[in-house]
Each structure stands twice: as C-alpha cells, then as structure tokens.
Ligand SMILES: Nc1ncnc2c1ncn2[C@@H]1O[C@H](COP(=O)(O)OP(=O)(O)OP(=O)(O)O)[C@@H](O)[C@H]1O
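One chain follows as structure tokens, the form predicted on its own.
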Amino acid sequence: MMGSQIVAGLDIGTTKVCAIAAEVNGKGMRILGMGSASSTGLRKGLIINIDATVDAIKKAVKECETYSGTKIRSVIAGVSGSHIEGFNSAGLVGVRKKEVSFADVDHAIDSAKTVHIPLDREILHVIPTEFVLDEHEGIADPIGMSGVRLEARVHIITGAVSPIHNLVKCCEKSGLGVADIVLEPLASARATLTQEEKEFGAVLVDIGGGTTDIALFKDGFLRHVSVLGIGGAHLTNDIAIGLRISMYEAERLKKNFGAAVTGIITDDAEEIQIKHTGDKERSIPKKYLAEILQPRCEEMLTMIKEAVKECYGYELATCGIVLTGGCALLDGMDKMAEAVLGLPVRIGVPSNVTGLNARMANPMYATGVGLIAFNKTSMSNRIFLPDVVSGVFVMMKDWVKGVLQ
C-alpha cells in the first residue's frame, strides 16, 4: 500500500494486555492482527510486578506477530490510573504579522502550558479546547485569520512520573521501543465516539479491569478527564468471595453468565455449573450470580454519576453516555446505566476499521484500536491533538536503556 506504515498499539490493562498491529495510511487503517494475554502485574492501572507485566506483554506481542505476519519493534502504549489529573490553562500572545500563523498558535500553546508542575508529575498531553482572537471566543482554527492578540485555552493532562517510568521500563524489557504514550480514555474516544457526539457533547465511560476512565467531549474537544479506581476486577472479586471459588473461575462465570440486574434473568429455575478447587462441581441458580453483581454495579454507576456531575456532564453531554471497555459487555449493564445515570447510553465499539472486523467490534478492544487511530490522526493534524509527552518521555527512555544495559 503506497504511503502506508505498520503501527502497533499496546493496551496494558489490569486484567489483560492487548497488542494490535495495523496498516495505516491517509485513507484509514486495516487491522492486521491482535494478541492478548492475562495480566496479573497491575492493580488499579498501576504496575506492581514488572516481571509478570513483561511476561504478559511478550505473550500478547508474540501472538499479534503470529497473526499479522509482521515483526513489532515499537508500540504506542496506553497509560491510565488514578494518578492521572487534568486541569485548564490559557496562554496569550501577540500575532506577529497581523495574520495568525502556525508559529503563533504554537507560541500560544507553549504559553498556556507554562505552569508549575510538581517534580513528581509530568505533562502527558496539552490539548487545545478553543482559541480566542481579539476577544472573539469559540474559534476552532485561527490559522489565516486577522487579529492582534491570540489566546489559546487548553486542557493539560498530567501523570505521576514513577508509573510512566515503570510502563516504559516494562516495554523496553520486552524488547519493544515506545514510540509514544497516550492517555487511554483519549484512545478509546478516538475509536468509539462519533464526530457528532464530540461536537454536541458526550461522556465516554471506559470500564476496564481495575479502573474506570471518564472523558467529557464538547464542541469537538476534550473538556475533562478523570480516572476512578474501580472496575471489572471488583465484580470478579465479589463473585469469588460470594461463591468461595477461584478468581479464574469467577472471571469465567462473570463473562459467560453474569448480569448486572436480577430482573434480566427470566427463568428463576435456570442453573449454572461452578467449579471448586479439586475439580468439585455444583449447581447454583443463575440468578444468584446477578444478585452478587447488582449491588457492585449500582455502586460503580453511582460513582460514575458523581464524576459526571463534577465535570458538568449533565449540562454539556447532549448525546449522553458512551459506555465501553470489557464491563460494557455485562448483560444489562447499559440498561442499568441509563436508569442510574439518567442519560441516554449506548455501547461504544471500534468503528471505521477494516481487517479483523468481526473480532475487533468489541468494547474490550476500544483502547487498543484507538491507540493506532490516535497515531494516525496525530500525523495528519498537528494543532488540535495533544502535544504528546514532553521532554521527560525521552529522558525516561534513555534512563531505562541505561538501567537495562
């Protein structure tokens, strides 16, 4: 394919690591292959065991290479976790030649990100939300417009340095270069939200294994991002404790038979088989599983509701909620979300992707696909996407290489 390149995304999650390779050009992206592996080296989005994480990355990448027939040497890695924080800032500059140029925009953005950041934190993304030219607000693209003063209003996303250090180190120890680091809710939004939803207002809710990412979009830009320390792993843990079974068996039951609300179980007599240690089996009513899951789902959605209130989502999100991530697959989760949140809810799956369509049209792979799509868009639009990973990223890669030598 003329002018195409192979891009790989790496989603390092609490319960799984997913690697996706795609062929990208100006017309779109075609998935070549994917691989996944169970993850035990993270908790709530933070790496707690480097060796276990490295092992999972290697397994996922090897499977992806086998399916795609390509050698993966570098990846776009996703980052999340409760250490992520976002805030608004603004920068004002004079227009040099009375007509706004790319340099003027860059200077305005640089001015906006000149803020005090604690030494243990670093800027991940600087995302323009709007421009103001001579007090005229709401300008999306000021290039070529006449004016004297240009103000850039931006949303700055920061993360703790140590978790990002560990993320890069795990990739390097797996034999991979890190081409970029992208905040996971931004990647998920790139794969699942429509342009209409971004313009008129929508809240992306990505419920992963250990964390729930929340991102508000309005007028085409990100307005707010936050991360909650709760996810699908909490549901699995509740099942394991409630039924006194292993986490592995609890995860199997959740995926195959779980339901967010008891009312969705129409046959009270329907039973399922559960396995205990020592290959012992017994039958329980399927409704019991929903009775365990429902309180935790309600708690999770109540926390999400508070987060949506805090970012003024009820006033700004005209299009409602887009629910994605592995937990979105739980039977009845979308209906419960509508009832608890009081907003329209749809399940977000990766769109506008060719290749492994049937397999990839799944909320579980939204982040992985979005990492690749994010890179594609970043190459073609230099202004309105994040300033991606400032100087510390290069320093971290050099530091990790020094450690590994």
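All values derive from a computational prediction rather than experimental measurement. Start at 1 with the first residue shown and count on from there.
Below, we turn to the form predicted together with this ligand, even though it does not appear here.
The chain is drawn here without this ligand; in the predicted bound form, the stretch among 91 to 99, 207 to 215, 282 to 290, 305 to 313 whose residues come within 4.5 Å of it by any heavy atom is 207 to 215. Of the listed positions (255, 136, 149, 276), a single one reaches within 4.5 angstroms of this ligand by any non-hydrogen atom in the predicted bound form, namely 255. Screening 179, 329, 145, 160 for any heavy atom within 4.5 Å of this ligand in the predicted bound form leaves a single hit, 329. Proximity of residue 233 to this ligand in the predicted bound form falls within the 4.5 Å heavy atom cutoff. Residue contact with this ligand in the predicted bound form: residue 251 places a heavy atom within 4.5 Å of it. Contact annotation for residue 360: none of its heavy atoms lies within 4.5 Å of this ligand in the predicted bound form. In the predicted bound form, this ligand sits beyond 4.5 Å of every heavy atom of residue 9. Contacts to this ligand in the predicted bound form (heavy atom within 4.5 Å) from stretch 28 to 49: 45 only.
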